[in-house]
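In structure tokens, the next block holds one chain alone, the form predicted on its own.
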Amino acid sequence: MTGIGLTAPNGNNLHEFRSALLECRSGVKHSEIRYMGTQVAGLCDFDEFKYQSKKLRRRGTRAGSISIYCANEAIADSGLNWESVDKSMVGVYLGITEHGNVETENEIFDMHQNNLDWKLWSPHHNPRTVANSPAGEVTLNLNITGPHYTLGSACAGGNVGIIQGVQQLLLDEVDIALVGGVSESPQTFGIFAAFAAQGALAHHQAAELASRPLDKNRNGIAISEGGCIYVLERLSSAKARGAKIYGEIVGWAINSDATDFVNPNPERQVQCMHKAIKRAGLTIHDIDIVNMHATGTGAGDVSESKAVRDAFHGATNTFVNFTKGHIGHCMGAAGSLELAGNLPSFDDGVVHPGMNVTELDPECAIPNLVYNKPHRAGKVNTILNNSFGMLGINSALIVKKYIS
């Protein structure tokens, strides 16, 4: 990992984001949602026109603009001489939860304001709503001629995008991979209505307290947007050009619950974590930080807490944290953003805390759980990042500190 570009509800680069995590500053605020009034949401405040023209932004999508911003920031951070890079050997692999809902809802809304005149339907609708749109917009912006696709992997998307890039590098399909996850979810009312129908939409008089993973009084998900894209390259390439190396990806796993549409299966989550650890050639005692998916839902938090307890039973030096109290649930971007927030621990030895835990749910108690204030662990060499999603998709990604 040699470059990171991100936008989150509480920061537009890694330094801002990390500072907010350590200081327990939330990016969740109240926002007006069509038909539904005031809701809590995590919206990003980045410059959409830093890397694209207003004309192309109008033609594209919010998810595309997030992707373009993050990709350009990651390349700048990597120190690559982009003009000399062989663009045919660059791949773009981005995880998403869903895509196209925003544009479809807006166009249907406009039709209903104008006597259902179908001629108002945009000629840009098709390229905006095809599943490869976010990754494709990056290739158009950066003149990348290598492979690109988005990976519909629910809220495991951020991890899955990274894993796909690693695999493509190992297969020699590409020399550079732009990977991660993006989400534009709070730009559509439908996702708010759906979570409300499930009884899983977070609410609180103080918006910054709405997302409360593992807290006994949590009441659901705070829907957020965001993106985080990494530059990945082979270690030999990074060393040859003297690049800053944020970390080495040493283990990963993806599996399926095959159990339920929504409710998770902790046994499969344990299997996923253990498979990633085995692939890395490590043991549970080698993992210094586990970042939980921890969405703030009743069933999800309890199941994952059980899984983490079981997976790391006896690992007395493994610390556990979570991130969605700070940023809400950034859906397809969640995994890649949450990993980024933990990577600085390799340098400073500090485990950022989860936040908004007033009363820890006894069923979510985990040894060495870090919440409400940072913990100085001293030495951090290995991070395991969990991301799970609906239809029972689980992912675990392990990053190790690079020591030259």
Partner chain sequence: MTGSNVRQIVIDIISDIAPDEDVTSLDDNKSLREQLDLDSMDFLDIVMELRKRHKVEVPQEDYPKLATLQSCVSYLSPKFA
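Only a predicted model underlies this, so the values are computations on that prediction, with no experimental measurement involved. Positions refer to the first chain, counted from 1.
Omitted here: the form predicted in complex with the partner chain. The next part is about that form.
K.L.:
Whether D117 contacts the partner chain in the predicted complex should be assessed with a 4.5 Å heavy atom distance threshold; does it?
P.N.:
Looking in the predicted complex, residue contacts with the partner chain include D117, since a heavy atom lies within 4.5 Å.
K.L.:
Would N263 count as touching the partner chain in the predicted complex under a 4.5 Å heavy atom rule?
P.N.:
Heavy-atom contact with the partner chain at 4.5 Å: absent for N263.
K.L.:
Against the partner chain in the predicted complex, would R59 count as a contact residue? Criterion: heavy atoms within 4.5 Å.
P.N.:
Although the partner chain is absent here, R59 would touch it in the predicted complex, with heavy atoms inside 4.5 Å.
K.L.:
Given that the partner is absent here, does H124 sit within 4.5 Å of the partner chain in the predicted complex, heavy atoms only?
P.N.:
Yes, H124 lies within 4.5 Å of the partner chain in the predicted complex.
K.L.:
Using heavy atoms only and a 4.5 Å cut-off, determine which of D110, E173, E248, E267 is in contact with the partner chain in the predicted complex.
P.N.:
For this set of options, the contacting one is D110.
K.L.:
Which one of these stretches, 371 to 379, 50 to 58, 29 to 37, 335 to 343, sits within 4.5 Å of the partner chain in the predicted complex when only heavy atoms are counted?
P.N.:
Flagged stretch: 50 to 58.
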